[in-house]
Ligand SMILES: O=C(O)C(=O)C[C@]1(C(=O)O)C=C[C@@H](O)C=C1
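Shown next as structure tokens: one chain only, the form predicted alone.
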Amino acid sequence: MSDIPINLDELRQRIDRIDGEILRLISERAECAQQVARVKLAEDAGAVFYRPEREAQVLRRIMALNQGPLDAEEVGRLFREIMSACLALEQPVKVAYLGPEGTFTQQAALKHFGESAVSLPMAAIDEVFREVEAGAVNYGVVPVENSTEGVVNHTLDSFMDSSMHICGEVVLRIHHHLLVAPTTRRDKISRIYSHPQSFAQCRKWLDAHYPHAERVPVSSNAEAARLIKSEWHSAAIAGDMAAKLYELEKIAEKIEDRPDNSTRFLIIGHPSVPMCGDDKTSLVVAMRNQPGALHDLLEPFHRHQIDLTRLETRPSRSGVWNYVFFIDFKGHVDQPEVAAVLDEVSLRSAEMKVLGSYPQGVL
């Protein structure tokens, strides 16, 4: 840029010109999306418009090209919304999530699919699975693990009975706030509502600041936010989305005990996802009850240098003291080395089920 000073009016005029050019290019991109839809429908009346691997590739490319001053993740979020709006011109994506409105799962759904997706709250994780299986929605979003509290067992159990594939993942930084309503008497707070996991994630802060307040567990943080609207002596622990939805005020922000507190969510759907170049695979394996079973399961991964990212154990429903293992690793089932490992694991196990190969979370 030139070192010659530019006055404020000239800067505003320049911004107006840039905005006009941005609008023109976004409209051109949207027209391309419409043309893509026409080409796909001409080739296949039941064409799939949302392609997780393609979106992951586009976002990674854009973030790699970014030279600032906006950081790469902020640029990625901007392009996610442009892509979401353009996809809605082709065919709006319908997404079920663990509700009610205002939950972190809804926040994860919007982070992954963008604001232009049609998101529908469900009362339970198994209802999310049922909606996707029935074809009432295209995809579902469910929590699977928290960095503080560990795995969400209900989600793992649902996969054991479901034919759904994992199509993607979202990692969300979880920030909890202490919220009050306009009618709350802040010096008289004697009851705090929240989800049990949120209480666990904020235990030390609560012990230090509200040791005598009654802690009332409810089904979701959004439900906690709703309840305090009618109680003058209550507060809620919830996130930004619930605070905005129920018009509550934060009297203490980021009260989680661990600053790196995050939750991983899975995207479930019908189609298998092709390789994008930076993939992850999840599977469930039932092992025979014999000495060295876990070693036999893990040895092929070590020998083929496949990077395991998660190993969880759940009791099997088929017999006492039998276990199934949930495994996440880097790679895609279409890669030869991964296929070789899965062949070996299948031979050594009582049962193996690939839950899906999918792009690793981008944002």
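Don't overthink the numbering: it's just position in the shown sequence, from 1. This is a predicted model, so every value here is computed, not measured.
The same protein also exists as the form predicted in complex with the ligand; that form is not shown, yet it is the one meant from here on.
In the predicted complex, the ligand lies within 4.5 Å of some heavy atom of Tyr50. Though the partner is left out of this view, Glu90 does reach within 4.5 Å of the ligand in the predicted complex, counting heavy atoms only. Although the partner is absent from this view, Met83 contacts the ligand in the predicted complex, with a non-hydrogen atom inside 4.5 angstroms.
The closest non-hydrogen atom of Asp328 lies beyond 4.5 Å of the ligand in the predicted complex. Contact with the ligand in the predicted complex holds for all three of Val36, Lys40 and Arg54, each having a heavy atom within 4.5 Å.
Of the stretches 304-312, 28-36, 64-72, 329-337, only 28-36 has residues with a heavy atom within 4.5 Å of the ligand in the predicted complex.
Taking a 4.5 Å heavy atom cutoff to the ligand in the predicted complex, none of the residues in 254-273 make contact.
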